[in-house]
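Only one chain is shown below, in structure tokens, and it's the form predicted alone.
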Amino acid sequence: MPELFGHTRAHVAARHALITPHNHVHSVVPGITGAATVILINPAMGARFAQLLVTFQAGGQASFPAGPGQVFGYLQSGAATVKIGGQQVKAATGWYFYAPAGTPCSLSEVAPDTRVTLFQKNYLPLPGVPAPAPIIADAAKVPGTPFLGDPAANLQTLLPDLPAFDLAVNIFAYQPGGHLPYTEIHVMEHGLLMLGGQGVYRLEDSWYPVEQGDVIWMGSYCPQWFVAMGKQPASYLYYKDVNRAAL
């Protein structure tokens, strides 16, 4: 899609945003070296979490110290050694990791051009419930289920559906023509990365063509709906906040 003479598909509103790869501007983020980092979503936009895209160069690495924040990472391409606390695994494309609050996390031995999407959120403890444990896993081994019984929409739940978690990260895959069954309006906010394919996303009263590499922020109560278009399947990775009291 051409982005000439100041034109862009991107749009930033009070409760939603679309950012395309053509809009990326790199930021310096403490703890991430030898990489091009783009802060795509964070509280400056109105969100209650952060979403980053990190593209590593040769010798690049990342280190996140123990603190109130939790980190979820998804390897879009490449490979890296992921260390969370005392757990260390060589992860490749399609793997993901979760570092709970209070647990240091690092990426080392990173292959050049490795691309990682990160979600960061300060953890909200639930009284009487132990904090979650670290996770390093391959998304290809996570079974998917038809969403609300629709075989054209397949949902993979990457983190356990347990009260200890105050965030969820899923992969939604659609066959061409597959779509959400209705326009959703809910308290959860989303950070979304288009992994492949293309489609149309309704955000509030606007409809946006989207494709691989696009990022969407959906704030609380933003009306939202998606349909996969074209001849290829479409999929996206998305974050949401879960399992905490309404007040």
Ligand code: UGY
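Remember, predicted model here, so these are calculated numbers, not experimental data. Start at 1 with the first residue shown and count on from there.
From this point on, the text means the form predicted in complex with the ligand, which you will not see here.
Only one segment in the set 92-100, 137-145, 167-175, 109-117 has any non-hydrogen atom within 4.5 angstroms of the ligand in the predicted bound form, and it is 167-175. When the ligand is considered in the predicted bound form, His186 lines it closely, a heavy atom lying within 4.5 Å. Contact between Thr20 and the ligand in the predicted bound form is not found at the 4.5 Å heavy atom cutoff. Though the partner is left out of this view, Tyr201 does reach within 4.5 Å of the ligand in the predicted bound form, counting heavy atoms only. Of the heavy atoms in Lys240, some are within 4.5 Å of the ligand in the predicted bound form. Only one of Ala36, Leu180, Met45, Ile39 comes within 4.5 Å of the ligand in the predicted bound form through a heavy atom, and that residue is Leu180. Taking the partner from elsewhere, every residue among His190, Gln224 and Tyr236 has a non-hydrogen atom within 4.5 angstroms of the ligand in the predicted bound form.
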